[in-house]
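Taking the form predicted on its own, here's one chain by itself in structure tokens.
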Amino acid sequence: MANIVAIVGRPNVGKSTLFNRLTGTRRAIVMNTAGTTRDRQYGKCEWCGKEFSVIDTGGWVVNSDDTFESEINRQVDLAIRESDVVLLVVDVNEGVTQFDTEVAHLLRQAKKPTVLAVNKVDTFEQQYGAADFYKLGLGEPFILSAENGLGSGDLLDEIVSRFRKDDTDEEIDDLPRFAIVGRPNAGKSSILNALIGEDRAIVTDIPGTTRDSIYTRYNKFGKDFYLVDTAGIRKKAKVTEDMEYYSVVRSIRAIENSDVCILMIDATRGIEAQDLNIYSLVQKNKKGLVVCVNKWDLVESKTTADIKGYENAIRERLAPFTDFPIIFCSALTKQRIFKVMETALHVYENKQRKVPTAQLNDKFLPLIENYPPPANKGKYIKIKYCTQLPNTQVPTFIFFANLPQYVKEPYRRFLENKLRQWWDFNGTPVQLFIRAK
């Protein structure tokens, strides 16, 4: 299972610059003004064949001395509790500050795997200043320039070496795993309680492969699967500002440990930015998706036109991937909650679907002959064969062509739309590749 790395440190030490470098993006805004990062950023990084999630814990702006200690303790405590490795970033030009000392003390007490990165080492002479950070008691400091990439390879090697070994996978049966995810108060705990509430004799909690994931076995009414539990966010995160952090970090864990994600949306509030953040995590991790519009009992107008309009609005916000089921339910009244589970099982089956090569070619070759890829630079593109790859995370198809580099994205979408039209891949992502014959 993937790990979570939290980047922590005081304002203006280069956390966002490092986040952009590790994730290969420019999502985090970088300025010389302390406190520029107000919202936390989430991204993916891959190094030496290992993929992990990176969180830029921005927003550490201290307005007065009265809030200094509480702000440090609260934010760092969140990172300590929910991450697997903490990356503490310090500034070689500023030296060891009171803030650095306080954070290092908390990290030592927690015994959390911690990597110390001394940033802004842009010249050879500045490297000697890194030795001063040994006094933090966090082991060898790694010199780094997030701006130009100096030392980033050694830093990533160290981070990957600190990851835990996944040695408990055998504990979990080979059953479908469904994660109920969404922002706080969307009804995740309510639907979980509604499903397992009374008949607890046939429900068992099994520790998962990561310390915060609990697998709840559900085996009644002929259904047998695991629910990846993400409940309890409100109990742990008592500060309103931290609720967003917890919902996303715990969603990362649940999503990575699941096969299908049930995204809960509050019908009374519609899709908000937090829902889009969690949806993007589902897409990045290539998981199946069921959108569950909860609290439908609180919506006054429920005409067919209203439902259709709501569905169109959801698909428009989550585009370009729109081939997923949407279910309107109420965890409170138990309206259609079992339909949610049945749909999740169907999406899981779609995710495992194998299409025989003969059927693929019987369908696609005549289509491609009648509607070939547009010629590019006077060169005609011919696709002569297609097949599905075995043992892939999501259904993956290869189309062999004489000039694959000239097949553009619109034609790939055309092929995917036909694939979904002819075979049921509702709710699951698929991958199409054009390769040289």
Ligand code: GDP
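Owing to the predicted nature of the structure, the values given are computational and were not obtained by experimental measurement. Residue indices: 1-based, along the sequence shown.
The same protein has a further form, the form predicted together with the ligand, not shown here; the description that follows concerns it.
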Requested in this report: Name the stretch, out of 339 to 347, 177 to 185, 282 to 290, 305 to 313, where some heavy atom lies within 4.5 Å of the ligand in the predicted bound form.
Outcome: 177 to 185
Query raised in the report: Quick one: is L276 in contact with the ligand in the predicted bound form, heavy atoms, 4.5 Å cut-off?
Result: no
Query raised in the report: Can any non-hydrogen atom of L298 be found within 4.5 angstroms of the ligand in the predicted bound form?
Result: yes
Query raised in the report: in the predicted bound form, does E102 have a heavy atom within 4.5 Å of the ligand?
Result: no
Query - Non-hydrogen atom contact G427 with the ligand in the predicted bound form at 4.5 angstroms - result: no
Query raised in the report: Among S190, T114, S83, N257, which has at least one heavy atom within 4.5 Å of the ligand in the predicted bound form?
Result: S190
Query - in the predicted bound form, the one of D122, E272, E158, D132 near the ligand [non-hydrogen atom within 4.5 angstroms] - result: D122
Query raised in the report: Going by heavy atoms, what in 324 to 359 lies within 4.5 angstroms of the ligand in the predicted bound form?
Result: S330, A331, L332
